[in-house]
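One chain comes next, on its own, written out as C-alpha coordinates in the form predicted on its own.
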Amino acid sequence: MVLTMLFIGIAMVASLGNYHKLVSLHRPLGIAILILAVVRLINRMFTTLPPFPATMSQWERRVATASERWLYALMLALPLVGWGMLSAGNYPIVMFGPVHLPPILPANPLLYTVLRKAHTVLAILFFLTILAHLTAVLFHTLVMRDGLLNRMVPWPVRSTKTNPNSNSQPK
(Lines give C-alpha, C1' and ligand atoms only; values in the text may rest on other atoms or scores of the structure.)
Protein backbone atom coordinates (compact mmCIF):
# COMPACT_ATOMS: atom_id res chain seq x y z
CA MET A 1 0.00 0.00 0.00
CA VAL A 2 2.82 2.38 0.85
CA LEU A 3 4.60 1.87 -2.45
CA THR A 4 1.31 2.25 -4.32
CA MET A 5 0.69 5.48 -2.42
CA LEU A 6 4.10 6.87 -3.33
CA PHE A 7 3.58 6.12 -7.02
CA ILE A 8 0.08 7.63 -6.96
CA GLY A 9 1.54 10.74 -5.32
CA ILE A 10 4.19 11.04 -8.03
CA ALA A 11 1.57 10.52 -10.74
CA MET A 12 -0.65 13.21 -9.17
CA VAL A 13 2.15 15.74 -9.49
CA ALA A 14 3.06 14.66 -13.03
CA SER A 15 -0.41 14.23 -14.53
CA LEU A 16 -2.89 17.07 -14.32
CA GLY A 17 -5.31 15.19 -16.60
CA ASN A 18 -5.78 12.36 -14.09
CA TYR A 19 -5.33 14.44 -10.96
CA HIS A 20 -8.89 14.12 -9.61
CA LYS A 21 -9.01 10.36 -10.18
CA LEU A 22 -5.66 9.93 -8.48
CA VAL A 23 -6.66 12.13 -5.53
CA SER A 24 -9.79 10.04 -5.06
CA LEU A 25 -7.47 7.03 -4.60
CA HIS A 26 -4.78 8.88 -2.66
CA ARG A 27 -6.97 10.17 0.18
CA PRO A 28 -8.63 6.92 1.31
CA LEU A 29 -5.41 4.95 0.80
CA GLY A 30 -3.57 7.44 3.02
CA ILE A 31 -6.14 7.05 5.79
CA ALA A 32 -6.02 3.24 5.42
CA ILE A 33 -2.23 3.39 5.79
CA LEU A 34 -2.62 5.59 8.87
CA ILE A 35 -5.04 3.13 10.48
CA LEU A 36 -2.89 0.11 9.61
CA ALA A 37 0.27 1.87 10.82
CA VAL A 38 -1.37 2.55 14.19
CA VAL A 39 -2.50 -1.09 14.44
CA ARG A 40 0.97 -2.29 13.42
CA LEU A 41 2.67 0.04 15.89
CA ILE A 42 0.45 -1.18 18.74
CA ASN A 43 1.20 -4.78 17.72
CA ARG A 44 4.90 -3.98 17.57
CA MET A 45 4.84 -2.53 21.09
CA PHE A 46 3.49 -5.79 22.52
CA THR A 47 5.58 -8.30 20.59
CA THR A 48 9.21 -9.29 20.83
CA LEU A 49 11.26 -8.71 17.72
CA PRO A 50 13.40 -11.49 16.32
CA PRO A 51 17.10 -10.88 16.93
CA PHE A 52 19.33 -9.32 14.31
CA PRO A 53 21.72 -11.72 12.57
CA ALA A 54 25.07 -12.14 14.31
CA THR A 55 26.76 -10.78 11.16
CA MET A 56 25.36 -7.30 11.82
CA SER A 57 27.66 -4.92 13.67
CA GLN A 58 26.40 -2.77 16.52
CA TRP A 59 26.27 0.35 14.33
CA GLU A 60 24.30 -1.54 11.64
CA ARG A 61 21.80 -2.59 14.29
CA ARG A 62 21.45 1.01 15.50
CA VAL A 63 20.97 2.25 11.93
CA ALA A 64 18.41 -0.48 11.21
CA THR A 65 16.48 0.32 14.39
CA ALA A 66 16.55 4.06 13.65
CA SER A 67 15.42 3.36 10.07
CA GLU A 68 12.50 1.25 11.29
CA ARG A 69 11.43 3.97 13.72
CA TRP A 70 11.73 6.63 11.01
CA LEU A 71 9.55 4.49 8.69
CA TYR A 72 6.87 4.24 11.40
CA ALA A 73 7.07 7.98 12.10
CA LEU A 74 6.63 8.77 8.42
CA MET A 75 3.76 6.27 8.02
CA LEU A 76 1.97 8.20 10.76
CA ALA A 77 3.08 11.72 9.88
CA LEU A 78 2.43 11.71 6.12
CA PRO A 79 -1.30 10.91 6.31
CA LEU A 80 -1.79 13.29 9.22
CA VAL A 81 0.02 16.11 7.43
CA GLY A 82 -2.01 15.36 4.28
CA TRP A 83 -5.26 15.41 6.27
CA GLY A 84 -4.21 18.63 7.98
CA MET A 85 -3.21 20.14 4.62
CA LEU A 86 -6.61 19.40 3.10
CA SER A 87 -8.33 20.74 6.21
CA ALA A 88 -6.28 23.96 6.06
CA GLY A 89 -7.09 24.25 2.34
CA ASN A 90 -10.80 23.88 3.18
CA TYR A 91 -11.03 20.83 0.90
CA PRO A 92 -13.43 18.02 1.72
CA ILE A 93 -11.70 14.83 2.82
CA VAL A 94 -13.78 12.36 0.83
CA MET A 95 -13.18 8.71 1.60
CA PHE A 96 -15.79 7.27 -0.74
CA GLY A 97 -19.28 8.37 -1.71
CA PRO A 98 -20.88 10.32 1.12
CA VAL A 99 -18.22 9.33 3.71
CA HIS A 100 -16.13 12.37 4.62
CA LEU A 101 -13.56 12.88 7.36
CA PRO A 102 -13.90 15.95 9.55
CA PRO A 103 -11.29 18.69 9.23
CA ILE A 104 -8.54 18.51 11.82
CA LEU A 105 -7.28 22.07 11.32
CA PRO A 106 -8.98 25.38 10.61
CA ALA A 107 -9.03 26.70 7.05
CA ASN A 108 -5.94 28.83 6.55
CA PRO A 109 -4.25 29.41 3.17
CA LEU A 110 -0.80 30.01 4.68
CA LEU A 111 -1.01 26.85 6.78
CA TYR A 112 -2.15 24.94 3.70
CA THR A 113 0.93 26.12 1.78
CA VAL A 114 3.30 25.13 4.59
CA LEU A 115 1.67 21.71 5.03
CA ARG A 116 1.65 21.06 1.28
CA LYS A 117 5.40 21.66 1.15
CA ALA A 118 5.90 19.55 4.30
CA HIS A 119 3.86 16.72 2.76
CA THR A 120 6.07 16.77 -0.33
CA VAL A 121 9.31 16.87 1.66
CA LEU A 122 8.15 14.06 3.96
CA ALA A 123 7.09 11.96 0.95
CA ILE A 124 10.56 12.37 -0.59
CA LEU A 125 12.20 11.46 2.73
CA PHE A 126 9.88 8.46 3.01
CA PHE A 127 10.82 7.28 -0.48
CA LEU A 128 14.54 7.67 0.27
CA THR A 129 14.19 5.85 3.60
CA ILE A 130 12.34 2.97 1.93
CA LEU A 131 15.02 2.85 -0.75
CA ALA A 132 17.83 2.76 1.84
CA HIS A 133 16.01 0.12 3.90
CA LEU A 134 15.36 -2.01 0.82
CA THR A 135 18.98 -1.66 -0.30
CA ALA A 136 20.23 -2.83 3.10
CA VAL A 137 17.84 -5.79 3.13
CA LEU A 138 18.85 -6.80 -0.39
CA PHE A 139 22.53 -6.51 0.56
CA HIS A 140 22.02 -8.78 3.57
CA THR A 141 19.85 -11.20 1.59
CA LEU A 142 21.85 -11.45 -1.63
CA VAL A 143 25.43 -10.64 -0.57
CA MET A 144 25.75 -11.46 3.13
CA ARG A 145 23.14 -14.25 2.97
CA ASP A 146 22.72 -13.99 6.73
CA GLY A 147 18.97 -14.56 6.96
CA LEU A 148 18.04 -10.96 7.79
CA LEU A 149 14.94 -11.23 5.62
CA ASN A 150 13.62 -13.93 7.98
CA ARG A 151 13.29 -11.17 10.58
CA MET A 152 10.89 -9.28 8.32
CA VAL A 153 8.70 -11.79 6.51
CA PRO A 154 6.33 -14.46 7.88
CA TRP A 155 7.64 -17.20 5.55
CA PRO A 156 11.05 -18.89 5.85
CA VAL A 157 13.80 -17.58 3.59
CA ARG A 158 16.67 -19.86 2.72
CA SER A 159 20.17 -18.59 3.45
CA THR A 160 23.49 -20.17 2.56
CA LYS A 161 25.11 -19.53 5.93
CA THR A 162 24.18 -21.08 9.24
CA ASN A 163 23.08 -18.27 11.50
CA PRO A 164 22.25 -19.05 15.13
CA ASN A 165 19.97 -15.99 15.26
CA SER A 166 18.00 -16.96 12.18
CA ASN A 167 15.13 -19.39 11.70
CA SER A 168 16.43 -20.50 8.32
CA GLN A 169 18.78 -23.39 7.76
CA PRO A 170 20.96 -23.82 4.69
CA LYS A 171 19.69 -26.39 2.26
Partner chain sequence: MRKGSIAGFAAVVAIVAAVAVLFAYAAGWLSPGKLTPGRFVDRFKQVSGRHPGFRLNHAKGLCFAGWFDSDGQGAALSRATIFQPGRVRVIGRFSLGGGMPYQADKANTVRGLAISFMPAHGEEWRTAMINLPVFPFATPQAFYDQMLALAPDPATGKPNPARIQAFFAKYPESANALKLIQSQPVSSGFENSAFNSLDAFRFINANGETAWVRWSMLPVQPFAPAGPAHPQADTNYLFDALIASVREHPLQWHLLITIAQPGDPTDDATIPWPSDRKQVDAGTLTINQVESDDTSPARDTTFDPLVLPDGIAPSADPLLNARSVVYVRSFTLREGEHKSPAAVSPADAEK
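From a predicted model like this one, the values you see are computed outputs, not experimental measurements. Numbering follows the first chain given and starts at 1.
Beyond what is shown, the protein has a form predicted in complex with its partner chain; the following relates to that form.
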Within 4.5 Å of its partner chain in the model of the complex by heavy atoms, the stretch out of 66-74, 28-36, 41-49, 131-139 is 131-139
For its partner chain, considered in the model of the complex: do all three of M56, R62 and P154 come within 4.5 Å of it, counting heavy atoms only? no
Heavy atoms within 4.5 Å of its partner chain in the model of the complex: does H119 have any? no
May I ask you to state whether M1 is within 4.5 Å of its partner chain in the model of the complex, using heavy atom distances? no
Contact flag, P102 vs its partner chain in the model of the complex, heavy atom cut 4.5 Å: no
Partner contact for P109 in the model of the complex: its partner chain, 4.5 angstroms, heavy atom: yes
Listed by sequence position, which residues of 80-106 have a non-hydrogen atom within 4.5 angstroms of its partner chain in the model of the complex? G89, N90, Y91, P92, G97, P98, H100
